[in-house]
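What follows is a pair of forms of the same protein chain, given separately as structure tokens and numbered structure 1 and structure 2.
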Structure 1
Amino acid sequence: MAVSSHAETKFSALLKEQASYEEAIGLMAWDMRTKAPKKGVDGRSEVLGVLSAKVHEIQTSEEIKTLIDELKGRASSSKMERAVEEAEEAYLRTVKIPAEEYREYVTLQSQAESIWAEAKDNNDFALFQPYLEKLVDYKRRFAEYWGYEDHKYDALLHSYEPGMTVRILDEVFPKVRKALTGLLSDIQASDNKPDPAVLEGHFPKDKQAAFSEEMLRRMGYDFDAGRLDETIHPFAIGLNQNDVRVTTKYDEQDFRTAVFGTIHEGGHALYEQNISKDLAFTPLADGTSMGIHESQSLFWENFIARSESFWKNHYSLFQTYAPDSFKDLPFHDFYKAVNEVKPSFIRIEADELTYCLHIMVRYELEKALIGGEIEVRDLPKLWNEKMEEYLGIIPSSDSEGVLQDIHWSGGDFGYFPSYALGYMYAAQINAAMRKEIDVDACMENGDFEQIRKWLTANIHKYGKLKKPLEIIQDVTGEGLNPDHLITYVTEKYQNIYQLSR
């Protein structure tokens, strides 16, 4: 059934207006975190508020609703069909929440974030507790408004990873956890531990920047469509497909922060730079989910840049950037040290093996919270119990325990699983790629072009045209499957720690 091209033209114009506000907002966000003078922040925040309100206004307008109804199921292309679907999703997610309640929630979010920071600084969970209780209440209600089939938490998961459910996670996570905790105890019993102290040593900031840039260039990151800057909390941001910026930070006593951080953000950036250009100015010109986005950053950070093959080619180059500290360090000591596994309290500092265990602690707690099986006041105790159960360590304070992450203070329940999903997706993608490409040979030859092209052809170019589980199915021939991650870590760490098989 054909639909008037007039409606599609109007619909596209609205999407373009929305995307324009979002691009301006993106640039302001980048600027505030990299270049903006500190006194300008208050004024800029007001401008952000005005532009965000315009996005909200378009997303919930009568005009877009009418166009969605007119175009749904009758769009002239699959691209237009998906754009209509995304617009409807955004429309419904927003209008289902009573306007007054949403406004109160937004106010609470910004209060809660600064209270959380104070609570974390002072190790004072009680200060944060009443705010967190309210946030949980809102999110429980939002989940009801949005609707779900099995578990209330599914409604929240959907915001970050469409199609993901408690049912799937409850099947997958325990399996992964069992394998990881088993491996972890073997590792802890090993007599062949790497010595991370060998990585300490002065590495001048400008040399780290030069090496990081060189790594981005080799990955295929296009510096004519992006740039690398310094910031406090690194991120990558796609303003449009031809302007995707990476940020990093430098620790002159520990190059890992900048080098692995830049490669991680570079993985995100490659995704955004290579989304098909014909999706520009639509909501489809974006990564399809948090989990798939994370799969791209983790693929490059771990499956490439922490692999033996990668360093076989790059270690001697690396040594030329900081010869004073590294020229006498043998390759294998270096390679093993950058892959040290050790349970620790802070998620963002965790190694690739224990990282997923940190996520599972959070998943179990927030699922139970939203489901009403536990309450906010129980969190500190339960957090520590889960940490002991999964990682074998107990935080000495809430600051390095339940208060460490910013997410809950912004009401972001359902986000954490994306990180673990990113690992599993990355492992699946890695396995699928290896059926077609000799990935180790590419790394040993420093030829990343094939790898980048494969990712673009199979993942990047689609943007949101395909949904996350559709991407995974099409790329790997199966749904979410944790076995690939388990196989990967098992083989890798058996080797590094010389475990018996």
Structure 2
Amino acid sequence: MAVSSHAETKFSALLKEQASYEEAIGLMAWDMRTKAPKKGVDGRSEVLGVLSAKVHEIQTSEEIKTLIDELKGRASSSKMERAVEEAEEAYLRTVKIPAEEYREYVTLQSQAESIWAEAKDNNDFALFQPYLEKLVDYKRRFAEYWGYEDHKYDALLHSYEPGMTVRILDEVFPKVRKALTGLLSDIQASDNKPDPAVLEGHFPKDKQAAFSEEMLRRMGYDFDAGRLDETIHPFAIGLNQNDVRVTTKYDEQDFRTAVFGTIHEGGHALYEQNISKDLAFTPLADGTSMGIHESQSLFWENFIARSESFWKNHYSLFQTYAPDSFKDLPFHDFYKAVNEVKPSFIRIEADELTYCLHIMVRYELEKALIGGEIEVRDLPKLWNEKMEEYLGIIPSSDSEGVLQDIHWSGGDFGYFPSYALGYMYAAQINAAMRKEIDVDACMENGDFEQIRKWLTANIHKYGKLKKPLEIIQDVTGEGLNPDHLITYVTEKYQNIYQLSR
């Protein structure tokens, strides 16, 4: 029997109040990463702690628990039922963390992010180490509060990819790694390598920004509901469906950082902008998991923007923004150069083939760190050893090694595997989409509307109405299957490097 509408009204009001605090927190986080003055960090961190404590208070209140119990299994709609499920999930996880401890953790997060940026700029891991040690200690405790079956790291994975476990990753990742490292070895032995030097040269930031903005518009990103800004580490943030912001990083000596980075973050933003508006102010107005979210950004960055069909249409446009040195550069030389495979130190600048290897380095370290097998002080040395093992290169500094990513400064342990999972999901989604629409024709015609509408109809609009593995099953007809990614990179790079099949 359905419950009274009064209970649903009170429940919705609480969710809206929580969403309002979360939007304020998101806006402050965006400001701290883009515009905030350095001296304002400590004060802002305290404010974030207060606001986050309010969210914690709502999520763990007796009122929300009473309403969840009243509505569970008796809500008036499937949307309300899923909102109740999400609220209960948040309650059961959040209530296990003492409120004061959570507030201290959030304050530490904000302080650590600022210290990380300083440590990275000055190649000073020792400066960041005590903050990271405290964050790891919190995460180990949180994992114990939340509980797990096989591995403590599973409790953290659940925050980003519900249903994912160490057992699954330890089965899938070695298979992918074996395929990628084998293909990488063949490529390095090939005599038919692209010439990356053709892409070198000063490319003014304002020209890169103009081209990046044009790409976002063509993808369907709504600038009336978002903006593009510069930051040290690119990200997209959805404050609400009508305010989804993109950031990027410019390198005037390598346009690929900004162009592909902006398109990547634009994929995230399209997801957020196209979630059904009737999910607003509920826990469902978000991507269903970080893996599915990452599938959208990697789909646009790799399967679209790094494809030959994309550049057949956009190379001439690109040349109007690019320096004169690109005017006489043949199309195929350009296309092969932007798809060069070469192990690099920086994850966000990695090529398609080696990208997942970067994720595996981080996953192995995180798993061991949370499991207590290693300590924070061990990270720089172990990072370099794993980079040499998986990619055959050793960082010359901690800034291009263990300090390069922002995630640990925010306590985001368990997040990194989502990038590799997202890449696998993207390959599956790409294969499914191609059965229904002519993706190459769309790209060659510069018409992304069909692609965006397909993604919205099959993925975006649902927000969290569907769970991640439900999305993948419904869209592709199967569960997680890394074979699509292996097939994609093998076929693409066999052609580019003229490898024997």
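Keep in mind that what you see is a predicted model, and the values were worked out from it rather than measured. Under this definition, the rigid core comprises the largest set of C-alpha atoms superposing within 1.5 Å between the forms. Please note that residue numbering is based on structure 1, beginning with 1 at the start of its sequence.
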item: Displayed copy of the chain that is the form predicted on its own; value: 2
item: Threshold 2 Å Cα movement between structure 1 and structure 2 at residue 367, rigid core reference; value: yes
item: CA of residue 313, rigid core aligned, shift of 2 Å or more between structure 1 and structure 2; value: no
item: Core-aligned C-alpha movement of residue 210 between structure 1 and structure 2, 2 Å or more; value: no
item: Rigid-core-superposed Cα shift at residue 379 between structure 1 and structure 2, Å; value: 6.3
